[in-house]
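For reference, the chain that follows is the form predicted alone, supplied as structure tokens.
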């Protein structure tokens, strides 16, 4: 509070980055609730998305595509394996590596996950018209590129 009783906003709270962080947190929470409907935790769908695009990835390649450290992927894969959604197989080209493959159960989640992301998109962007949605997407892509996020 200031001397006049008017609350000042911290300078960080006025930044676009702060707003973006808050939007990301709210979006993650919303998507998390939807993912729970199909038995997934936030982040697990990102692994599945990469495998739906290219099944049989090395663990290290998957970590790179997701923009996380290999131990993080290992933990995620263990949970997905326990759920019967993926399986790890030895890499015939490198005995020290493994390849990650979708199971039938993992493949079967593709359409439900696509539909829930469509629902999340609609909910998230409900207050924007079509032109604003396109512009937001364009601007976020530009911001992401500026941060050096090529694949993830």
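Positions refer to the first chain, counted from 1. None of these values were measured; they are calculated from a predicted model.
Although it is not shown, the form predicted together with the DNA is what the next lines describe.
Note on the interface: of 48 to 56, 66 to 74, 106 to 114, 119 to 127, the segment with non-hydrogen atoms within 4.5 angstroms of the DNA in the predicted bound form is 66 to 74. Shown without its partner, this chain lists 32, 60, 90, 84 as candidates; in the predicted bound form, only 60 has a non-hydrogen atom within 4.5 angstroms of the DNA. Interface membership of residue 98, defined by any non-hydrogen atom within 4.5 Å of the DNA in the predicted bound form, is confirmed. Of the heavy atoms in residue 102, none are within 4.5 Å of the DNA in the predicted bound form. Using a 4.5 Å cutoff between non-hydrogen atoms, residue 144 does not count as a contact of the DNA in the predicted bound form.
The DNA in the predicted bound form is approached by residue 94, whose closest heavy atom lies within 4.5 angstroms of it.
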